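Heads up, the chain below is alone and in the form predicted alone; it's given as structure tokens.
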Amino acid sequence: MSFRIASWNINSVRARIGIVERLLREQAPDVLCLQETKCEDALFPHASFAAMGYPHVYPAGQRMHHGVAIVSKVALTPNNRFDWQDNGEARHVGVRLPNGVLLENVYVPAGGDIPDRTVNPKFGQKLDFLGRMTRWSEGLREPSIVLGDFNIAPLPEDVWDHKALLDVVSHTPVEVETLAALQSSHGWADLGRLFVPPPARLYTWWSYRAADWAASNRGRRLDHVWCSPEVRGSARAVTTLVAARGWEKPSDHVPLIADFDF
């Protein structure tokens, strides 16, 4: 069975419902995982998604900030809403797909501007969040897909300038090492790099600060799709929809489209 999953940090689902509709119309995923929805559960635009053919909504929302959601053409089984931030922030929602595979939608904290937990508590919270994810991952015994905005670009080819960004949050050695520990804890396959191996450059985020994001191309690969070893053989493609960065009123992130044959 062919199955398509999209993942997108949308930076406010209500403000950008128009480009969400475009994505669903053009790419027709079976499931869409959103991060940074900035929307309480009661205010999530259920009716808009139902009208687009996605009546099944599994939100984990929060007023103004954070928030994740999974929307689907078919009914899924709600599974978990983990508090890996350990402070009640809505940064994870999990479901079970019809074939039994777990799907975990995650929004890792950005971590502030200074890569030092002693002077920047947000950076420590980010590392601790990943530590809690790693402990969960170590005990995982079911085939799973974990995806979303991880807010870390791990490889030199995942950023526009490796040396320039070594001291910039999202590409520091300690973050890269922490993410690598999470990946090795379950043997996660990084599907983005499975289909576009280095040394090819691959980005999913371009800052709003750039006058012309495409011309400067100062991107980072902050968004990821990982899967358990048992699922890797079912993966057929992961497409980074770079063109979406140029859509009307865009997010600073672009969607990932993952195709599987389950």
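Quantities reported herein were computed from a predicted structural model and do not represent experimental measurements. Numbers for residues come from their place in the sequence shown, where the first is 1.
Separately, the form predicted together with the DNA exists; it is not shown, and the next lines address it.
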| property | result |
| --- | --- |
| Sole residue of 56, 232, 193, 66 within 4.5 Å of the DNA in the predicted bound form, by heavy atom | 66 |
| Contact of residue 239 with the DNA in the predicted bound form (heavy atom, 4.5 Å) | no |
| Contact of residue 122 with the DNA in the predicted bound form (heavy atom, 4.5 Å) | yes |
| Heavy atom of residue 14 within 4.5 Å of the DNA in the predicted bound form | yes |
| Contact label in the predicted bound form: residue 91 to the DNA, heavy atom within 4.5 Å | yes |
| Candidate spot 6, 96 and 186, all three touching the DNA in the predicted bound form (heavy atom, 4.5 Å) | no |
| Heavy atom contact within 4.5 Å of the DNA in the predicted bound form, the stretch among 224 to 232, 26 to 34, 201 to 209, 44 to 52 | 201 to 209 |
| Contacts with the DNA in the predicted bound form - residues in 229 to 255 whose heavy atoms fall within 4.5 Å | 249 |
